[in-house]
Every structure is written in C-alpha cells, then in structure tokens.
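This document starts with one chain, in the form predicted alone, laid out as structure tokens.
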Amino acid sequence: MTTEYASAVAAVRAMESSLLVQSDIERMTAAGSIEEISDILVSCSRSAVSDKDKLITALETELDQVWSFLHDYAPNHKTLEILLYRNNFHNLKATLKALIMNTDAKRLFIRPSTLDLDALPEIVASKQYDVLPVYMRETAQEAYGILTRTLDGQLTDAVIDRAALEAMQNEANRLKSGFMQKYAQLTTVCADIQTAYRCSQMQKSESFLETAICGSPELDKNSLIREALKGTDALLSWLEGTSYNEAAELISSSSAQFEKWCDDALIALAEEAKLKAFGIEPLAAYYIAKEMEIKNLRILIVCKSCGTSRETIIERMRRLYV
C-alpha cells in the first residue's frame, strides 16, 4: 500500500474540521437576512461579507484556495483534475458564446479551472487549439465550427457537454482509479438522465440525442436514446427498471429535487472515499465536500435574498459530508 499521500491526507483530515455541520446550516436557514448569515459564517471563521454578490464571490474564492492547496500538496495532482473537467468545458462554452456575441467571457467563467482563463478567449478566437489540453482540442474545433456556421447554441452546448463527460470517463479509465471511475460514471448518469428527459419533452430528433447523450457502463446510450424517442412515459418506465428508479421518480416531479438527488449521491460516494487511509481518494472527497458546502451556501444566500420560505430552503439543502 502506497504512503506517498500520507501527509496530504493528514492535512485534509485537519481541514475537514472546518467544514460546516448540520447545526451551522440550521442556524443559517433560520436567519432572517444575509447579514445574519454573514455573522454566522464569521463565527465559523469564514468571510465577513454582508453583500450577497460579494459573499458569493468570497465563497467561490474559498473553493479556488482549496483546489490550489490540493494541487500543490498532492504528489500527483493530475489525477484530481478530472474533478475540474466540467468547469473547463463550461469555460470553453462561455468563451465561444462571448466570441459570437462580442462580449466579455470572463464574467461567465467558473473557477477553479486548469485552463489559463486570461488567455482562453484569444486562444479560441485565433483557433490555437493545440494550446488547449489534449482532451479538449477536437471538441473546441468542432464546437467552434458548429457555432460559427449555424449559430445553434443548443447544439454547441450538447457537443461540449457530452465531450466533457466522455473525457472524464476516458481519463478515469486510463488512470485505473476506481474512485474516479465511479465519480465519472455517476456524473454521466445524472447528466444523461436529465438530457434524455428534457429531449424527450422537447421531442428532439434522434440525431440530436446521439449528439447530446454520452452513455456509460451504468446506463447504455442506445437504450436511453431509444426510450427517449418514445416519449417521457416510456423513458421513465424504462428507468424505473434500473438502479436509478428513484432518480426517475424525482425528475418527473421536480428537476430541483432530481439535482439534489444527484448531488447527494456524489456526497455519498465521497464519504466512501473518505474512509481510505492512503491515496488520492480522501483529497478528492474533501474537494467534493467543499464544492457541495459552497453550493448549499449559495442556495441559502440566493433563497434568503428572494424571500424563499424556510421549508423550501430546507428541501433544497444538499446532504452534508460527515
């Protein structure tokens, strides 16, 4: 058993103690204002910001800092980069759309990212695809061609989103990392179910479904396409016969609850990885936990600013990492 990650895992174990616990979330859920939420965060040794937008920015900076720590501390940080593939591909989408609309892409970027976001707009505009990571080059060229030729943003998104999932699975398989394979497959399943359901509702063509759905060992691509083409009832009926029957029930009633189910499943996977004494798994698990914590805080902050009821906020809260 390798011990090369021992010091990094020990550091992550110490950092886990600063994660929010259920009582912290309950206090913030009961808070009457953004200011009260900020005060509670201060009591938890977090950012002292009472403006909604600035508070969200501060939280996103925290995730950037966590990634920087893991990147610098992990003996082989490349294994962790699968966790950022979807961010990277999102930033490619943002760049392409900004190029077409002649706007600034930087305000649409998601961090952390392994891409040089300052240089990305120029890289794409000048078609310097070889500067991008290998797993993005072909997709960037294809998506650029589709968007500039057809101005079909929906098709462009479908190409890029599917490519992100394929890249995650391919890299996880290449690394032979059991945890990353499960992570990539679970992420793909959730995305594919949502895509298939939406395409079925919109009566999208078989060609579009072929472009949009990735497929995985968990849910066969051809079967998803076949059932989606029959309509939402046929798709849901087929899904109910799989291990994702609960997800099928949720997506038909509430997309928000389906997305919560997907996030909770990722946290459950992270909790399994946390139990590993050595290796990359506890580091990846901590990043996922931090990512979900910030998602919970964003939901809280946005809901509070909109006057959403406490009951609705509680329903939307993701499972905590324990």
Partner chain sequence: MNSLGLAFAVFGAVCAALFAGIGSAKGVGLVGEAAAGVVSVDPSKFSKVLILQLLPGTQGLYGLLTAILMMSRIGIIGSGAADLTLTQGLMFFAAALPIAIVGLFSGIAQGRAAAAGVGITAKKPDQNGKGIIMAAMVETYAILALLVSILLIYNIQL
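Numbering follows the first chain given and starts at 1. This is a predicted model, so every value here is computed, not measured.
Here the subject shifts to the form predicted together with its partner chain, a form of this protein not shown in this document.
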property	result
Every residue of E4, S7 and A11 near its partner chain in the predicted bound form, heavy atom within 4.5 Å	yes
Exercise: V21 in contact with its partner chain in the predicted bound form, heavy atom 4.5 Å	no
Contact of S17 with its partner chain in the predicted bound form (heavy atom, 4.5 Å)	yes
Y73: touches its partner chain in the predicted bound form, heavy atom cutoff 4.5 angstroms	yes
Listed range touching its partner chain, judged in the predicted bound form by heavy atoms within 4.5 Å, from 28-36, 276-284, 52-60, 252-260	276-284
